[in-house]
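Included below are structure tokens for two forms of one protein chain, each presented in isolation as structure 1 and structure 2.
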Structure 1
Amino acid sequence: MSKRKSREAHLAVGDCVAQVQRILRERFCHQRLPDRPVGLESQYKHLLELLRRTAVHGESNSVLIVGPRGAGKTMLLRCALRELLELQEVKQNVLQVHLSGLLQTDDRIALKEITRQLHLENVVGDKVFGSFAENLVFLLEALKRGDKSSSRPVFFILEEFDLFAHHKNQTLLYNLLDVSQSAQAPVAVVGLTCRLDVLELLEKRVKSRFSHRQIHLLSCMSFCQYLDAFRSELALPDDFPDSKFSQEWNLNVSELCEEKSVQEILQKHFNSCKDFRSLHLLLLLALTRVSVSNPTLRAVDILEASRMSSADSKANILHGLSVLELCLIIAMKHLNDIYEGEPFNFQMVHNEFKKFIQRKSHSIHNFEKPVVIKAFEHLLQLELIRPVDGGVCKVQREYQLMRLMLDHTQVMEALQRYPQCPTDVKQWAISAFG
């Protein structure tokens, strides 16, 4: 009887862990919207008011949301749209067009996409339009005619706004902003970008039609707030099925925040970057270590996750090189030291390597030149060295000028970590004449 009971409890744990994984993964990986944007209240109010004026009063607006990657630009906009669409009158009235600079790489594709998202394919049909602007005006006219009394407002949401500025003549931007300035159809043009100098990319005529409203999302989070974010990101919601488990979990997370080692790791992360996305990545890596046998998050998990996310990838690659390739890198390092960063070719590297072999060749026997060339080409393939002129000039491969893409310290650290490194190679790396 008691045995069965214990098994029941155990099963509940497995169930809970699955639930925790599901909820938190959706939060970290799928960027699920929070209930309210945290720390961005004033920006949120500004944006919401602006969009509301377009939706309700038919006022045309244009605004740019600027902020670094992972600062929550899309989240802010989506939250605002979500709240706005809760109003019944707005929901029926407003049309949305979502464009992304990554997808709509030129204006024709963008126009087709706009037509599609406004459900106007059947209206445009096979008609051929003279110019792009005509087509756009037709689209908006059609929109106007579609409704009984007055035209319906349209939200144009342009993600990766800076990429739209690279289109030819910036026709799309010009027309959208022109409509927002002159024509009657109420539109709101919302651009999202990570470039601070985005206005410099715009042409003069486009710039003059833009309202110069910018919403900056520059994170001014302190470490305390970062800790709070950490806590709230990991916390389970109130509607979690097993309330006892969720209470324990939340308590455990709060305790984690107090712990010294966790705070140190978070401080390190905070110092390198304070956006949410890197925090999510860290938390996801920690979360993957939560399983049935280990149902709570421990400080070790966070430590391990941080170690995984901050590993130096070049050092990892250097670790897997063969001894011959490592010797070549050391030779290149010496050439860099002697000639102060001048580019080198294979012949020089080989010469340097031969000098080393002649002085002391206890551990490494004399390799043939073609074998050394093969090793050199492997380094080229791994992009640890790079041709100076991008491989345009056709010279023999021995004489192609190269540059080493590694730091002095990176080479030395890799040497320290290298498994079973021959001692004389190590000494050679330390001193060119040793």
Structure 2
Amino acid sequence: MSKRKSREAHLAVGDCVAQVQRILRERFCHQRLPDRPVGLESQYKHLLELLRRTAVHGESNSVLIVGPRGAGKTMLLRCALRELLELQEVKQNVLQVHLSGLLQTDDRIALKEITRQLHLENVVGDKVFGSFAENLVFLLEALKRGDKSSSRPVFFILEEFDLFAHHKNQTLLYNLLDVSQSAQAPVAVVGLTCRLDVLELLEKRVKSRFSHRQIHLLSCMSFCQYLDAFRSELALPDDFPDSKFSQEWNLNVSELCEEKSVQEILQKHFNSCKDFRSLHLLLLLALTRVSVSNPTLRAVDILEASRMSSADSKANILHGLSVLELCLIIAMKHLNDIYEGEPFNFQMVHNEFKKFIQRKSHSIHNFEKPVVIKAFEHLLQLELIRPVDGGVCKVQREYQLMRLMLDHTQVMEALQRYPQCPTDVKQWAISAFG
């Protein structure tokens, strides 16, 4: 009987862990929006009011949301749209067109996408237009229902707004902003960009049609707020099916926030990057360590997640190199010091390696030149070294100039963790990197 109860309890914990991982993964992967943007109340209110004026009162507007990657630009916009679309009159009328500077790389592609998202392919048909402006005006006219006052409001949302400035003559931006200013139809143009100097990229005629409204998302979060965000992001909701498990989980999260080791890890992340994207990555990695045998988060899980999220990919590659390949990298560093950062070629590296074998090493085999060339080419394939000319010049491979793409800390860390690394190689490395 006790075995049966134990098995049932094990299954119950397994169900809870699976639900926790599903809920938190949705949250961390931005599949579910927060109730309100944290720390962006004034920006949210400003954006919501602008969009409401277009959707409800038919007033055209243009605005730029500016901030670094991960600051919450898209999240802010999606939250404002969600609240706005809860109004019945808005939900039935407003149309949205989402464009991205990464995808719509020229005006022809952008216009095709606008037509598709507005479901006007049949209206356009085989019509031929003289210009982009004529085509766009025709599309907006097609949205009218009888008279001018009943035109359907359209939100044009331009992700990576700065990339649209590279289109020929900035025709798309000019015409969208021209329509938003001339009140031909209720239009809101919302641009999202990481560039603070985005207005300097705009042509004079485009700039004159922009409202110059900008919403800046610059984080002024304190570490205490960051810690609160850590707690709230991990907290389970009140409607979690197993209330007992939920209470234990939330209590455990609160205790984690009090632990000094966890606070030190979070302080390190806070100092390097305050955005929620990096925090979510950290928490997602920690969440992968939760299991039936370990149903709550521990400090060691946060520590391991921090180590994984800040792992140096090049340093990890170094751990898989042969001793010969490590010796060649040390020889390259010696050459960098001797020639004050000037590029080197294989022949120079081989000569430096041979000097080490003859003078200092008693544990390294004197490899044949073809073997050394093979090791050198492997470093090139791994992109730990790269050709100065990009590999364009046709010169004999032994004499092609190269640069080392590693710094001394990466190499020294790899040597420290390298299993059974010969002592004389380590000493040679210390003389090069010390």
Partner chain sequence: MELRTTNICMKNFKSRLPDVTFYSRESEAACGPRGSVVGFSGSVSEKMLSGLHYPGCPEARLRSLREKLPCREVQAGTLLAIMGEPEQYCYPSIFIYGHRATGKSHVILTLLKELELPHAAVSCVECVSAGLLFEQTLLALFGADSAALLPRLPSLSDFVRVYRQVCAQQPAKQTRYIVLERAELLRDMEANLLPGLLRLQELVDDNVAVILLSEIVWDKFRPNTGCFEPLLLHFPDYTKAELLQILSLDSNPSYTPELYSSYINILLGVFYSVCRDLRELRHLAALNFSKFCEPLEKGEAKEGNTHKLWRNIEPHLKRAMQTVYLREVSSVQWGQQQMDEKEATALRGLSALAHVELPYYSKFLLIAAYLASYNPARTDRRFFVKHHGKMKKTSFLKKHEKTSNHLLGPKPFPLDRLLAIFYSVVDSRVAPTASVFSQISSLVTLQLLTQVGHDDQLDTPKYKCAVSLDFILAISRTVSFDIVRYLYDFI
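Predicted model, so just to flag it, every value in this text is computed and none were measured. Along the sequence of structure 1, residues get numbers from 1 upward. Rigid core here is just the name for the largest C-alpha set that superposes within 1.5 Å across the two forms.
(request) Assuming the other structure does not fit, state which one is the form predicted in complex with the partner chain. (result) That would be structure 1, which is the form predicted in complex with the partner chain.
(message) Is Arg417 displaced by at least 2 Å at its C-alpha between structures 1 and 2 when the rigid core is overlaid?
(response) Indeed, Arg417 is displaced by 2 Å or more.
(message) Following rigid core alignment, is the displacement of the His408 C-alpha between structures 1 and 2 equal to or greater than 2 angstroms?
(response) Result for His408: yes, a 2 Å-plus shift.
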